[in-house]
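Shown here is one chain on its own, the form predicted on its own, set out as structure tokens.
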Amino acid sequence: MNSNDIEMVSVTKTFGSNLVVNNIDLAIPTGEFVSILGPSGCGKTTTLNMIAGFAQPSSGEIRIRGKSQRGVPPEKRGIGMVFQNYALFPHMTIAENVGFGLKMKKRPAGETRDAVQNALRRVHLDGFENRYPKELSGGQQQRTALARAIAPEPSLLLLDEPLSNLDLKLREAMRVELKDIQEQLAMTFVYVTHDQDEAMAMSDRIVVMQDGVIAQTGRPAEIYEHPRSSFVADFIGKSNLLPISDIRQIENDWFVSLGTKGLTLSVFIPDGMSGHDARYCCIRPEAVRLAVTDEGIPPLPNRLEGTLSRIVNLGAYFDCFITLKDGTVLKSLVRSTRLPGLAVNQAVFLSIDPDAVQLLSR
């Protein structure tokens, strides 16, 4: 039995002279929540449309549950789809909307009724059968669209930015609900989004796309902690992304020089790796420890001094911008209860563990 619900092999898509998806290979394991993440125009929605059958690859092959989908229309692929705008029929009740696809497939009335009730129960909308879409909140409409997609019991579900029209609080609540539903159904979800927070919160695996290619695939923690490129480091989470002007080894220790003004940091390079091809370094803001006296930081090699040039209050945290003596600006994420009295123009001290300096070759 194939352990992947979806396989894309050397898939390319062009529209005229415009290369939108460029020779990608992707395997999506059965039962996982996989997000395809990237900025606008990176090819993620086109990739989803090719899986669904709404667009055909210019070259390459797509397999669903091990079978080639060449020439297979969308309705024959056994896939559920949830769109950004939900596409609910305003003149139909919620039950009629959820059962519409089953009715089009000419399922028996009793079977359709049972499937609709089961789908509504799974999305916590039982009792809403006789309402109309205009009588529901945005979150309830989103769950109605989800119920309609899962009512025929597809083996996998494709979701195209379904939360983008909701307000922040509702989006955050729906992330939890979507993940819970996916786990209850043990169904493969392929979720397209440009929102890194959504992808990090829900996904078992993230596929980061850039300019029509896959920049990196991995578990959320892996992509965050070990980005493979400056694009991924910058796109996923917050980062201090700095160009490297020089890297050198002194005995068993490695040091990088940043920019043109001589800022030097000690870095850790695992055995078997070389730092000589590094072009950038990435330091996550939470790894930049900030203190108001030099006694408040541990005795690490990378001890720096600077001036607090900006503070962004995020509630539980402060997003601090520190200008070092050479003009380099570093960001530090500080719990607000730890240093409640921080002020702009204050002299501060920083430390960075060498392990926290990620070297990137591109």
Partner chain sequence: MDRFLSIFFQLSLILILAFIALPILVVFAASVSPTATITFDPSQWTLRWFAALTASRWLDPFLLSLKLAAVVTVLSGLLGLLAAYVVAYRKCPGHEAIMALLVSPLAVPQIVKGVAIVLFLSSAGFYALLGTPGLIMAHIVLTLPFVVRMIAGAMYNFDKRLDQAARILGATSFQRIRFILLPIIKPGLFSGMTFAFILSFNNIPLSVFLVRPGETTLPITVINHMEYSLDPVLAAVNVASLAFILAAILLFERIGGFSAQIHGGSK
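Basically, rigid core = biggest C-alpha set you can superpose within 1.5 Å across the two forms. Residue numbers count along the first chain shown, from 1. Being a predicted model, the structure only gives us computed values, none of them experimental.
The form predicted in complex with the partner chain is left out here; the points below concern that form.
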Counting only non-hydrogen atoms, the one stretch of 31 to 39, 66 to 74, 328 to 336, 312 to 320 within 4.5 angstroms of the partner chain in the predicted bound form is 66 to 74
- Query: Is there a non-hydrogen atom of residue 135 within 4.5 angstroms of a non-hydrogen atom of the partner chain in the predicted bound form?
  - Reply: yes
Practice task
Tell me, yes or no, whether residue 168 is in contact with the partner chain in the predicted bound form, where a contact means a heavy atom of each within 4.5 Å.
Solution key: no
In the predicted bound form, residue 308 touching the partner chain (heavy atom, 4.5 Å): no
Quiz item: Can any non-hydrogen atom of residue 268 be found within 4.5 angstroms of the partner chain in the predicted bound form?
Solution: no
The one residue among 90, 127, 108, 243 placing a heavy atom within 4.5 Å of the partner chain in the predicted bound form is 90
The listed residue (203, 239, 141, 229) that reaches within 4.5 Å of the partner chain in the predicted bound form by any heavy atom is 141
Indicate whether residue 90 shows a C-alpha shift of 2 Å or more between the shown form and the other one, with the rigid core used for the fit.
yes
